[in-house]
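Next up is one chain by itself, shown in C-alpha cells, the form predicted on its own.
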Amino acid sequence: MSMRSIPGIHSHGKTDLPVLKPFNARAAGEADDLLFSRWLVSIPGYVWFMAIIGLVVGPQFAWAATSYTYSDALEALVKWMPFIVKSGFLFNVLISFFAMLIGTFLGVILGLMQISPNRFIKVPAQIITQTFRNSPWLVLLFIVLLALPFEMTIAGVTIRIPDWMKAVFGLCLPIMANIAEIVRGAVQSVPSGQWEASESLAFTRQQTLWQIILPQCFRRMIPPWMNWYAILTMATPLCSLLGVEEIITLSRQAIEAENNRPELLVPFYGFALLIFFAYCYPIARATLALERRFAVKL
C-alpha cells in the first residue's frame, strides 16, 4: 500500500490551506493599519515644501492691489501669536488630553465587557460601542453641549460646567467606543492556546485575563491608542463650531479685531495648520516606531 500524498509536503498544495503560516492577528476592531499615522508620515517632503511655498507666495498675488502688505499681516500674526497659543492651542491640547484619559478608562471597561461570557453584559456593551463608534463626532458634540446644563447645584453648592469640559465629554464618547474595539480586538487576537494552558493550570478567568492575556495585549494596544490620540487632537477644532474658545475660535476673534481683513486668513489659519502638524507629526512617527518595536515576531 503506497503512502498517501500529503498536500504541501509530498506535492504542491492547490490552495494555501495546507500550509501552516505564522500567527498574525487581524481581529475585528484592531487598528492594525494605523491609517492616520501612516498617511501623515508617508506624505513626501516636497508636498510640505510646496504647501509652505503656496502659503507664502500665494497671498502676494491677492495683496498686490491692496495697501495691506505681507509684512503687515505677519506683524499682526506675531502680535496675536502668544494669545492664540497660550489661550487657544493649549486648550486644544487640554481637551484632547482629558477626552483621551476619560475615553481610555471607559473604553477599557467597555472592551472587557464585550468579551464577557454573560450575554446581559456583552450585548449592551456591543450596542453602546457600535452606537458611539458609528456616530458623527460633531453630532455628539452638539448633543452633549446642548443637553448638559451650564451649572449644577449639589448640596447648596453651585458648580459651573464650562464649555470646554462639555467638549471633553462629547469627544470622549467616540474615543471610548474605538478604544473598546482596540481592547476587544487585542484580547481576541491572543491565541486560544493561552486560555487553554491557563485553564489547565487551574487559573480562574479573572486571573487568566489580568495575569496572562492583558499583559500580552498591552504592547499591541499602544500604537493604535497613540494613533487615536493624534486623530482626537486633529478633531478638537470641531469645538469652535459650538463656541468653545480654542485656537480656531481665538484666531477668528483676532482677525475680527484686525478689522476682518481677508489678507489675514491665510497667515492665521496657516499658523494653526502648522502648529497642529508640529504637534501631531512626532506622535505619528512615534506610533509607527512603537508598532515596529512591539510587533509579534515568530
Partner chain sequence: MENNTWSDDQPIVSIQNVHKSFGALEVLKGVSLDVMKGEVICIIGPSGSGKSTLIRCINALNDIQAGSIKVEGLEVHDSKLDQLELRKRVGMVFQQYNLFPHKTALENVMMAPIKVLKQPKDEVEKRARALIEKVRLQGKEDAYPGELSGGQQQRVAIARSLAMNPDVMLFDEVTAALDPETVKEVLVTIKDLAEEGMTCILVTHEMGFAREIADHIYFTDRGVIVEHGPPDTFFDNASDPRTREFLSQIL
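Please read these numbers as outputs of a predicted model, since none were measured by experiment. Positions refer to the first chain, counted from 1.
Separately, the form predicted in complex with its partner chain exists; it is not shown, and the next lines address it.
In the predicted complex, at least one heavy atom of residue 207 sits within 4.5 Å of a heavy atom of its partner chain. Interface membership of residue 143, defined by any non-hydrogen atom within 4.5 Å of its partner chain in the predicted complex, is ruled out.
Shown alone here, residue 136 lies farther than 4.5 Å from its partner chain in the predicted complex, counting heavy atoms only. Although the partner is absent here, residue 127 lies well away from its partner chain in the predicted complex, with no heavy atom inside 4.5 Å. Among 198, 116, 87, 188, the residue placing a heavy atom within 4.5 Å of its partner chain in the predicted complex is 198. With the partner omitted from this view, the residue of 71, 211, 131, 153 that lies near its partner chain in the predicted complex is 211 [heavy atom within 4.5 Å].
Contact with its partner chain, judged by heavy atoms within 4.5 Å in the predicted complex, is confined among 169-177, 104-112, 198-206, 74-82 to 198-206. Annotation for 215-249: interface residues with its partner chain in the predicted complex are 215, 216 [heavy atom within 4.5 Å].
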